[in-house]
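We begin with a single chain expressed as structure tokens, specifically the form predicted on its own.
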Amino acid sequence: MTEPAARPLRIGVFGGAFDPPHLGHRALAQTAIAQLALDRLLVIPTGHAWHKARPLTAAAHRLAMVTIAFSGLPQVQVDARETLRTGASYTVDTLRELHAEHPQAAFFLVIGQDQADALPSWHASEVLPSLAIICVAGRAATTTAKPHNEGLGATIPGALSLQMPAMAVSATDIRQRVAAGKSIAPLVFEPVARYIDQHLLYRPH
């Protein structure tokens, strides 16, 4: 008798500016790990954000904050590859690199609903479903990943919906609160808030 083949490594890819990382990012990471049975979740801060009008905070700060924000989740691995690239940073390039590094793995691209809405504008977006199963944070109250049934499948082949409660938190709001001298305690982990304060991030110039 032949031994059964080992299950392919299940690797999640969670990218974003993380400027700064907040409680919603951590919740989405935990949801993806649980609902997709991930062996590893790569958290990948964006390098040069071609789609954003404003310049991002220095990569060293965002990498440090991400490391703090996702500490304690053993499946999470912070991956700096996009911050090390010159020029525009594209998800399709990252997925191709990861396929070359782990040719037998199954990849899951974890994105929020706002990213899903903008997906058609991403560089080579039509190639993405062939490189990874695209998993979108939904709003229903179930606890398992399932095929997306709200029309997303028509535009994103094979997409899955990750079910998690809505969280009223955004990095834009956090930056604005800091600039206005308001508390961000309910929106980020205390060590991240302390890092922002210590390094004078998001203060008006």
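So that there is no doubt, residue numbering starts at 1 and follows the sequence shown. Note that this is a predicted model, so its numbers are computed, not measured.
The following text describes the form predicted together with a small molecule, which does not appear among the structures shown.
Listed stretches are 85-93, 125-133, 71-79, 108-116; the contact stretch with the small molecule in the model of the complex is 108-116, by a heavy atom cutoff of 4.5 Å. Every residue in the set Gly138, Met164 and Ser170 has a non-hydrogen atom no more than 4.5 Å from the small molecule in the model of the complex.
Leu28 is the sole member of Leu28, Val178, Leu42, Ala159 with a non-hydrogen atom within 4.5 Å of the small molecule in the model of the complex. Shown alone here, His22 lies within 4.5 Å of the small molecule in the model of the complex, counting heavy atoms only. Remark: Ala17 counts among the residues lining the small molecule in the model of the complex, judged by a heavy atom distance of 4.5 Å or less.
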